[in-house]
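Take a look at this single chain in structure tokens; it is the form predicted on its own.
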Amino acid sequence: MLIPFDNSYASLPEGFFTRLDPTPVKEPRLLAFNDDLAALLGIEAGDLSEAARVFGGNAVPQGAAPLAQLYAGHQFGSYNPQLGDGRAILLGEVIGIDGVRRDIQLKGSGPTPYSRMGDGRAWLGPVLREYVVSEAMHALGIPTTRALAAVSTGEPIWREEGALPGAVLTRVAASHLRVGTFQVFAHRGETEHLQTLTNYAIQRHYPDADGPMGLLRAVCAAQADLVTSWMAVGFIHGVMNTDNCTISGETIDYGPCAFMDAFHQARVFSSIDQQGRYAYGNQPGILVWNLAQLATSLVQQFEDKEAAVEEATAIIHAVPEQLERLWLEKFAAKVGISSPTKADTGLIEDLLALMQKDGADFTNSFHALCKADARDQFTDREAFDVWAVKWRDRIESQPDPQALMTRSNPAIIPRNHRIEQMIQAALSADMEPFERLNRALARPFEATDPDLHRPPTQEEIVPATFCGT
């Protein structure tokens, strides 16, 4: 297999990572391979058995520089001083045919020094879930890590449920730098490493940024755009710890995530989020908190810390206004308003309140606005009619509101019950539901498979999602 590696992270000081190869598996078998992404990366796949060995961790390809990255992070608000890649190995980086540098990482590739008593493995369900949901997110136009391959290992993985089939995901990302990558060096007082990391992040992601504070501004802008994009499609990340907040502004870690069916601001799916810290409506506020941790880390490299704190504080205090502006732009587009004003916030919030009161489906309600039949999504139709009079009056002056709504409101999302059905089928060696989901989700604004659009029945509801560890 030819992978055109061009590694840069591996040239950083040894304290940034631990070099080691992935742990081989018993019987690697290729379950899925993303041909389009491989072509973008300039990868020549070769035969299936070779691809299975490489992406299962049994063969280290020429030019790779395998390593496990070090980072720390706040998990549900509590600081953990050392996390790191506990079940992932960065094979290396490639520069795609589009000129963009990306990481290629094996997830579920065996234990590392950062595994914290874990087995370093993943089972089939979370691997297929991340493959489907990350590719769906990409098709929606939202920055995200992507899935290159899924490989079954032929080995059982032991979890609370018992023995489960093992699998490895190959994940592609602009990088795996996180807020937690900066936190570990700041917390240790390793200023030289912190400066090296800052310069590396600027060069790799934001070459126009002016120093650490320029980097902070750029990350704030990228993450604000990302989180408001999640909100606009009803996505709940589920575990917005600082080690899952990327410097690149990409979505990462599809463990206990979910797309909402019935709308509610306090919706939580993650089984480990008992207090609702990362509920749908809390995500913007949590982002501000996470970015404040990045700011706290970055200022440690300044001699004049008082001035640095003052500048960083001003940058963080500006983020809520950024979030409000971006939220309004994205939700205004969903109701056909191309030039929103602050007055439109009330119109949108009134619609969301109606949806929450009636338990209306988030995706289908907005998509129905494009076809002018949203009334049927509500039980209190008279209340919707009152809202609709104001809405129609507002969009009369907008240029082609229907076209704007059509490209802003997906017809299909990766619904929890469909993902669960897909996983259960795969456990019986039936990959057709997986393939069907991927085909439909690749064209999310088209009604290519209407059956996949419907919300779950009462019996199909999946109330909780779980980490893949």
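Numbering starts at 1 and follows the sequence shown. Not measured: the values here are computed from a predicted model.
If you look for the form predicted together with a small molecule, you will not find it shown, but the lines that follow are about it.
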**Complete:** Per contact check vs the small molecule in the predicted complex (non-hydrogen atom within 4.5 angstroms), the hit among 213-221, 335-343, 237-245, 353-361 is 237-245
**Message:** Quick check on D119: any heavy atom within 4.5 Å of the small molecule in the predicted complex?
**Reply:** yes
**Asked** Looking at the partner-bound form in the predicted complex, is G84 within 4.5 Å of the small molecule by any heavy atom?
**Response** yes
**Request:** Verify the contact flag for T196: yes if a non-hydrogen atom of it lies within 4.5 Å of a non-hydrogen atom of the small molecule in the predicted complex, no if not.
**Result:** no
**Asked** Is D253 a contact residue for the small molecule in the predicted complex, using a 4.5 Å heavy atom cut-off?
**Response** yes
**Prompt:** Using a 4.5 Å heavy atom cut-off, are Y71, Q75 and S115 all in contact with the small molecule in the predicted complex?
**Reply:** yes
**Asked** Given that the small molecule is left out here, which of R325, H264, R277, R159 has a heavy atom within 4.5 Å of it in the predicted complex?
**Response** R159
